[in-house]
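Quick heads-up: the structure tokens below are two forms of one chain, split into structure 1 and structure 2.
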Structure 1
Amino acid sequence: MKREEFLARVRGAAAAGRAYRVHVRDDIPARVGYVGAGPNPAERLAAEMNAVGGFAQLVDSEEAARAALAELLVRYSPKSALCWQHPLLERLGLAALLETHGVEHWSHDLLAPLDQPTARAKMFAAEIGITSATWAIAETGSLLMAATGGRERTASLLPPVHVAIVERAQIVPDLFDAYAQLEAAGVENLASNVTLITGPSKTGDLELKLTTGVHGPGKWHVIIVR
């Protein structure tokens, strides 16, 4: 249908429909629905993540975070990892850690020179995804992942195990705060893909029983440096 014709029809309908507007009270406080994180955002974040079937671990130093990550690499013994390029992961010495454990390391700078079919095959074959997050939301136990080159959306999606490492400065109390951060960065700069992740992949499609790992990672680990 022609654009003008379509919009003209909507314009007429919207105008006619104003006769049937519903009455909604006009004294709704601006912050209605704000929950927040309470006094200990990192603890709240961990508790919420565990409640949705994730495995959250609170650690007190980057040293301890590296140890926790090393333990996961031993537990899952992946052959290859699909990783974000992120300052926190660099500080942890992720590349060296993967090498120590004999895990193939794939991230943006190593994948970009490959031809597309090869790069895709590497992404599909990865057995663990290692990322940080853009923000972590304590109220809901979510990671906010804004995609850019180097922070691929597939790292938290294709492998059966996803490990994310976040630090205290990345934690916001409430979902509303996360959106305020996106607004502050300028809505015109919104990443091509921003995904909130709140737990391991699940389905309730069979008799409403929760089954994990249908498409996304069935195992979801978050290491929180407080």
Structure 2
Amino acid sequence: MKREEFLARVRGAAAAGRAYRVHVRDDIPARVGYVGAGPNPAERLAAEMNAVGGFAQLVDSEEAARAALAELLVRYSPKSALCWQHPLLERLGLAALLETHGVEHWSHDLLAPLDQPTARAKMFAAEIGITSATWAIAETGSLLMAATGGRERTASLLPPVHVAIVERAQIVPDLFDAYAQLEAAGVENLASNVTLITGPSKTGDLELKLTTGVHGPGKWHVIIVR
């Protein structure tokens, strides 16, 4: 096929596709569809997370969150962990806790000096990922993860177990609120990637049978400091 003939076919296909463009109505109030989370967003968040196959745990203090994380480390006995660098995790003393349980831990700063093959091997060998979240959405029981240095997607995607720890200030009632927060941060501060996590990894590709843990973590724990 000649170049001009090929381009003509592309132009024709593009023109045909424009016949079915989505037209956005501008007469609908901006917050139509807003659900919110009721009087207790933390409890709503936990309930929605449990409803989609996660394991949410409400705790009343950072000390209790640390104890809950320690219980998970005993339960899963991971040899290595891939971790976010986040102020909440630092306040919990995550690095010291992992060392106490004999868990090798890797984060952005610890991986940076390694050559790429070695760093990739460390990330893929991690048996547990420990993160916080950018925002936790009570309406849907979702975590919004805005990727940035020290808060990479890999920690919540590669290991078979993902544990996230969030506090009350990170909980927003509705998905509308999460997007408003991203917008308020300014276009110049938008992350290179934003991921919404709702429950453990699921797929129905094979014979339409729902299977968990194929494309990501099969176990999803969220510790909520209310």
Partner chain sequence: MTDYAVHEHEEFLTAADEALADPSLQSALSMLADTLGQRNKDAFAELSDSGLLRDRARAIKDATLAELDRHLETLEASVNRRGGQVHYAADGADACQTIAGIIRAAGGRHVVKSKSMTTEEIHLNRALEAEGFHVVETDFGEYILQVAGQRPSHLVAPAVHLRIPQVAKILGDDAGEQLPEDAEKLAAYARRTLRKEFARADVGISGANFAVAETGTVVLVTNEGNGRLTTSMPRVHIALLGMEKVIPQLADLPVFLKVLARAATGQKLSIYTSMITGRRQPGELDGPDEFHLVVLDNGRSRILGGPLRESLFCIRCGACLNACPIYRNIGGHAYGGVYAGPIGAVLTPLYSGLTHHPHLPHASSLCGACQAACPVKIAIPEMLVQLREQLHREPSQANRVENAIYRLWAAMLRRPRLYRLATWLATRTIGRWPGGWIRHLPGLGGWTGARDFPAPAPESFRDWWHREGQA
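Every residue number counts along structure 1's sequence, beginning with 1. Values in this document were obtained by computation on a predicted structure and should not be read as measured data. If you superpose the two forms and keep the largest set of C-alpha atoms that fall within 1.5 Å, you have the rigid core.
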Any idea which of the pair is the form predicted on its own? 2
Answer yes if the CA of Ile28 moves 2 Å or more between structures 1 and 2 after aligning the rigid core, and no otherwise. yes
Report, in Å with one decimal, the C-alpha displacement of Glu207 between structures 1 and 2 after core superposition. 4.1
